[in-house]
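Presented below, as structure tokens, is a lone chain in the form predicted on its own.
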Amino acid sequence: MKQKRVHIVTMGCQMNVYDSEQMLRLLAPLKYRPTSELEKADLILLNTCSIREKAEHKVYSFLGRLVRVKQRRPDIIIGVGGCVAQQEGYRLVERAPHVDIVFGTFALGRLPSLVRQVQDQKKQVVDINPRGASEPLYVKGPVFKAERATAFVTIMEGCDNFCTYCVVPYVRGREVSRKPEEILEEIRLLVENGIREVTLIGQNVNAYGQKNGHGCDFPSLLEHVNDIEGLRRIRFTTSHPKDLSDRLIDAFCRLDKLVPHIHLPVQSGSDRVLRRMNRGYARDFYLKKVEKLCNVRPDIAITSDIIIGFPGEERVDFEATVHLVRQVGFDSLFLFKYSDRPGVPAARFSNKVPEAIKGERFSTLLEVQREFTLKKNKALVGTTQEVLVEGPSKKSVDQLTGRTPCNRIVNFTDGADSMVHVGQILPVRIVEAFSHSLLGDPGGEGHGEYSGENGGISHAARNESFGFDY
């Protein structure tokens, strides 16, 4: 069978990054190999996200650019997968008739047969059917070696929370956890192929194992992963505050490979808005979880998501959110302007916030957080941080880049005669701080594996005025 090339464009979350790697494994028996050059591809796959309206617009914009590609090369196969595919189904091929395959989130494992159908029958196929009972969440297959040190590992899919703004339960389904032994086997294979850091991912990783009866909850899974020889760091995302147990919080001081960083989406600082969002917790509950995290691990970095302009959000609600942001002193925030998504309850809510007001509030909160982040980064100047080398920097061809345990990006210039390699952990002295990254100097500290404790940022990097006034 002739070797062919597949070009995959991944949009959206870490789960889509993981799913794209699954696609490569699935297509390997059909003699497809990855290519970064779209024009050389025999198969183009777009792995999509529909969590925000803007993300969905990007999908159709990219598909519009593929019209000319299809006209020049009629035999090329174009496929759309992921959440937009699951959500739109046949409507997608009506809007983009040059698309050959639409495969939803549950049809990932059926991708090879869909490609064969298009190749053999020369017709469009749409598969948004549920996953079969015998179809696995994970597909075993070849690991394509790459110059990288980190990898995502999906441990569960779906969500049972049904936040009123969120499309995930409708396009990803209900919570389903993978078997722990299967996850551990996958991570060991990744480590054998050079991976030094894994991020365990799921729509709500904290709920891992609660429904499937595998006899292993999330803190227990972390303990097993921590025991894997050769693995240096463990991260996880995304966490739901209501499922952040004391055992999981304690893991940050018990497990030496679990980095001192947690992404804990709060979405709003207003109890009234949180109730309308169906988040399942109140402001004080969230703050108490943060307090416990900081007591257990004072140097922990806490990041979060916030939705600006949820339907009915008044000025007083927004001010409560700003107050919470100042109170916690987040290390960074991901801010999103609310947008209606198809089929979710919030799309039917009245009192929509005007775009101009959303924009104003977005800019206000962005500036508040920018000051916090810059202050925290500046507090690291003069300290030495453990940096996991990830590869060339996007800032400069003369620099390498990596991350601290607390997930801060560090760019540094390495000497021409150095033996620094991807996957190595270096002690790097921070010499300058910016809003989104740090500049470091590994000179004089040696280039061997750093053998110190898996620490992270110094205690001075936490907000000096951090406190709680319930």
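Superpose the two forms; the largest set of C-alphas matching within 1.5 Å is the rigid core. The first residue of the shown sequence is 1; numbering continues from there. Keep in mind that what you see is a predicted model, and the values were worked out from it rather than measured.
Omitted here: the form predicted in complex with ligand 5AD. The next part is about that form.
Stretch-level contact analysis of 224-232, 372-380, 285-293, 336-344 against ligand 5AD in the predicted bound form, using heavy atoms and a 4.5 Å limit, identifies 336-344. Though ligand 5AD is absent from this view, in the predicted bound form it lies within 4.5 Å of a heavy atom of just one residue from 86, 154, 177, 267, which is 267. Think of it this way: in the predicted bound form, ligand 5AD has a heavy atom of just one of 330, 218, 318, 165 within 4.5 Å, and the residue is 165.
At a distance threshold of 4.5 angstroms between non-hydrogen atoms, residue 305 is in contact with ligand 5AD in the predicted bound form.
In the predicted bound form, residue 30 stays away from ligand 5AD, with no heavy atom inside 4.5 Å. Using a 4.5 angstroms threshold between heavy atoms, residue 26 stays clear of ligand 5AD in the predicted bound form. Ligand 5AD in the predicted bound form is not approached by residue 66, whose heavy atoms all lie more than 4.5 angstroms from it. When the rigid core is held fixed, the Cα atom of residue 54 travels 2 angstroms or more between this form and the one not shown.
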